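Next up: a single chain in structure tokens, the form predicted on its own.
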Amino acid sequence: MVDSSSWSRALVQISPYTFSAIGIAISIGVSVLGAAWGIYITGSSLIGAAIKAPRITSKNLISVIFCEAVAIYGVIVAIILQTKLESVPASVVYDAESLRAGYAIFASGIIVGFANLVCGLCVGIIGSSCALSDAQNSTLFVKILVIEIFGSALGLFGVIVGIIMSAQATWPAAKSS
């Protein structure tokens, strides 16, 4: 016998649309948080280093653009996840296929959101060190920029995994009586 207060029972009684909405919100919200955090880290170092070497300001803005791309990844996936939502009859909202679709969208949103949070931090920290090292030695800019590109690819990996996860979201058709 399943206890009515157990987690498994609670998870089955929450609407799959609620899980879907939370997943979509996490995808965009946490991605934007990662982008903002990365821009904060990069921007503060860039402004500080530009006092010593004003020449670095314009070319180091690429680090801010990489951070902003992280937010765009979240927006793109949120749009993709939103298109996965389908209206189903009330009689099949809590069927296994509906729950699976809701959980798939939820998991996809969490994966993308947190991958982009970490990616934003990674790109921000590398962008910060790029600005500081470029202020000291301009030959280091391209070398560190390559590392920053690899850090930015982590966000793309999260997007790819999120899209693959969202492919599992298929909503049931109406039951024939």
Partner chain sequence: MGGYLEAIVRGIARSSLLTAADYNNLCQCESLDDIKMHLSATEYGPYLQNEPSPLHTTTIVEKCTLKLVDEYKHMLCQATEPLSTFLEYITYGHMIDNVVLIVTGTLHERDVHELLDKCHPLGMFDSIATLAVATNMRELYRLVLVDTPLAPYFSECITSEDLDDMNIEIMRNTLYKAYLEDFNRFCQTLGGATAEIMSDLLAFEADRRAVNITINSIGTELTRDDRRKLYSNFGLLYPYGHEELAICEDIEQVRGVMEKYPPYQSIFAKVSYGESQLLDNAFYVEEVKRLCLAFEQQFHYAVFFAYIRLREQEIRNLMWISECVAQNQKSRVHDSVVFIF
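Computed from a predicted model, the values in this text were never measured in an experiment. Residue numbers count along the first chain shown, from 1.
Although not depicted, the form predicted together with its partner chain is the subject of the following passage.
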{"property": "Partner contact for S58 in the predicted bound form: its partner chain, 4.5 angstroms, heavy atom", "result": "no"}
{"property": "Partner contact for I125 in the predicted bound form: its partner chain, 4.5 angstroms, heavy atom", "result": "yes"}
{"property": "Contact of Q136 with its partner chain in the predicted bound form (heavy atom, 4.5 Å)", "result": "yes"}
{"property": "In the predicted bound form, S45 touching its partner chain (heavy atom, 4.5 Å)", "result": "yes"}
{"property": "Option touching its partner chain, based on a heavy atom within 4.5 Å in the predicted bound form, out of L117, I28, V64, I41", "result": "I41"}
{"property": "Proximity to its partner chain in the predicted bound form, single hit among I111, L132, I144, L33 (heavy atom within 4.5 Å)", "result": "L132"}
{"property": "Residues of 17-39 having any heavy atom within 4.5 Å of its partner chain in the predicted bound form, listed in sequence order", "result": "W37"}
